[in-house]
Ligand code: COA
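Below, in structure tokens: the form predicted on its own, a single chain.
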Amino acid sequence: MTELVKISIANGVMEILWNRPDKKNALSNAMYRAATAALAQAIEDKSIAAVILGSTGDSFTSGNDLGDFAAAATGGEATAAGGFIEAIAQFPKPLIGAVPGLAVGVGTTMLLHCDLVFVADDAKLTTPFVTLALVPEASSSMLLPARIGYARSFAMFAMGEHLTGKQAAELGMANASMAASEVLGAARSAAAMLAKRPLGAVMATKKLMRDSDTILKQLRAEGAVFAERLRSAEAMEAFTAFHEKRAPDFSKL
């Protein structure tokens, strides 16, 4: 079976690539656990100076595997998304996002924890949490408005509006947009440059720029509400409608 996450290390850089292109890299519990373990390894390995989060195929990720989320909502295996999100929120070394296409939900919010982001011009970044009767996660209810403003963020969260990669770069959510075929190369070039910098100074700079305590506090507050919403009647209707390929009806709930 092909690995769902490709992990490699070379020249001081770790690459974590979502590798489920037939499902638009929808993130399963197994994928979250593999990525979280790799990040822990990157912290301990002093030879690793930077980590790239990227993907195979033409999508970055279509977000969480709704099958896993539906199972968690009905008392099955808990989602492993929370552990991954906390890992990237606290990751002390440079984290670089490489986004060749679609980035849905956590696919967009995880970019708020990347120190550098390179994105395809025509990538589509969305955060459709309210559509699924959920709420923002990954501290995005705080971090996204800080990047692109309250009104635009609310429109993305509540109304399902999206950003193109070009717009993300113009608004300061990404460093640059380019052809999809160039995104991973740009991330690799940036990582190689960072690997030549004094790691202690780079890490100290990152720590000064990010208030981890505040980010984690917001992340956990979101997580508590997200868990409640995941078990709500609205969420069950949203998941059922998605499975049945119909529009959800929240009018009688």
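Numbers for residues come from their place in the sequence shown, where the first is 1. Bear in mind the structure is a predicted one, so any value in this text is a computation, not a measurement.
What comes next is about the form predicted in complex with this ligand, which is not displayed.
J.: Taking this ligand as it sits in the predicted bound form, is Asn64 near enough to touch it, meaning that at least one heavy atom pair lies within 4.5 angstroms?
T.: Although this ligand is absent here, Asn64 would touch it in the predicted bound form, with heavy atoms inside 4.5 Å.
J.: Can you work out whether Val104 and this ligand are in contact in the predicted bound form, taking contact to mean some heavy atom pair no more than 4.5 Å apart?
T.: Answer yes; at least one heavy atom of Val104 falls within 4.5 Å of this ligand in the predicted bound form.
J.: Give a yes or no for Ala187: in the predicted bound form, does one of its heavy atoms lie within 4.5 Å of a heavy atom belonging to this ligand?
T.: No, Ala187 stays farther than 4.5 Å from this ligand in the predicted bound form.
J.: So in the predicted bound form, does Arg229 come within 4.5 Å of this ligand, heavy atom to heavy atom?
T.: Arg229: no, not in contact with this ligand in the predicted bound form.
J.: Heavy atom within 4.5 Å of this ligand in the predicted bound form: which of Leu132, Leu144, Leu125, Ile88 fits that? Just give me the one.
T.: Result of the distance check: Leu132.
J.: Among 216-224, 22-30, 196-204, 43-51, which stretch sits within 4.5 Å of this ligand in the predicted bound form, heavy atoms only?
T.: That would be stretch 22-30.
J.: Determine the residues of 228-253 with a heavy atom within 4.5 Å of this ligand in the predicted bound form and present them in sequence order; the list may be empty.
T.: Heavy-atom contacts within 4.5 Å come from Phe242, Lys245.
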